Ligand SMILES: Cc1ncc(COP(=O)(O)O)c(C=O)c1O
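Quick setup: one chain, the form predicted on its own, written in structure tokens, and binding and motion questions come after.
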């Protein structure tokens, strides 16, 4: 059973941002670091690649991916940038990169840079929120596709709203004529994944969130038809076959991008094992119990404070957003004053942010194995005191 090193004096309801790593996995990572520092050369030149391949295989099996097309990256944002930089020499002038109004800000920025470099543009599909059904998401995205659309970027689980989108249905309508890049930052460990079945050209996601690996572990999965030209955002030895230990040239673009601490990605298999053993039904039980808890917590808070439920239960995984009343005043910080107050005065970690644009705002809760319904009761108490 996984145990957690979280501060017991804090109510942790923001697993979605940075995750939390079980103590057993942190101890395993510390052991790897000690082994590395006892003989750095021996570790990097002889231990690293076999350990990387073992973790690649375990992760590929977990997410239903072809291990030959899966590489480790530091985070999903790095994966998005790697794909976009690799496409810049292939996109025609005037190309459109289609995003949505719920695309993660860092990825919006990366897409804008690529669009500027190729003389193209970013087009934004307006996906409704509140949303009544997956079909509304499909229609909003496909209606925004034009003959100039060269790439579609989709969130699998959106950061601002927590909604799980029907990416497989959208991919099936677009691929292979229009390649799709799925930002699945939240998906692995939250929802059941089969990347082969989804069939997107590119899929990137974090391991540090719902898989609960150490920070610095994520992956990019690339369909076979694109592997010849996709390279890491950090060009290194693999570009001219200068990293001989990788099994393929595609792997070599990512397996060694310079000296760093590789122990996070080498601990992914341990995280999969540790967290999976936390529930008697394994990862299926983890996903199910987290989903049930976030629904129960969302309903409790909504009833206590009088908030709308903007996303149906079946479109949620382990995070959920609730629209809050607009603030009477707002400071200049990017952090909502309510979020700051909950942090300092209530010891509750939960994101509150302007969305879709100020003064509208949402609060987003998470559910992980260390949470109980008492955590949401405490948040409801705080919100009732602050918003009445």
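Please read these numbers as outputs of a predicted model, since none were measured by experiment. Residue numbers count along the first chain shown, from 1.
Keep in mind that the form predicted together with the named molecule is missing from the display, and what follows is about it.
Not one of 55, 219 and 267 places a heavy atom within 4.5 Å of the named molecule in the model of the complex. From the list 233-241, 177-185, 270-278, 308-316, the contact stretch for the named molecule in the model of the complex under a 4.5 Å heavy atom rule is 177-185. Between the options 129, 256, 104, 283, the residue in contact with the named molecule in the model of the complex by a heavy atom within 4.5 angstroms is 104.
Taking a 4.5 Å heavy atom cutoff to the named molecule in the model of the complex, the contact residue among 77, 201, 100, 290 is 77. When the named molecule is considered in the model of the complex, residue 251 lies well away from it, no heavy atom lying within 4.5 Å.
Although the partner is absent from this view, residue 206 contacts the named molecule in the model of the complex, with a non-hydrogen atom inside 4.5 angstroms. At the 4.5 Å threshold, heavy atoms of residue 301 stay clear of the named molecule in the model of the complex, well away from it. In the model of the complex, none of the heavy atoms of residue 163 sits within 4.5 Å of a heavy atom of the named molecule. Interface residues of 149-166, taken as those with a heavy atom within 4.5 Å of the named molecule in the model of the complex (partner not displayed): 155, 157, 159, in sequence order.
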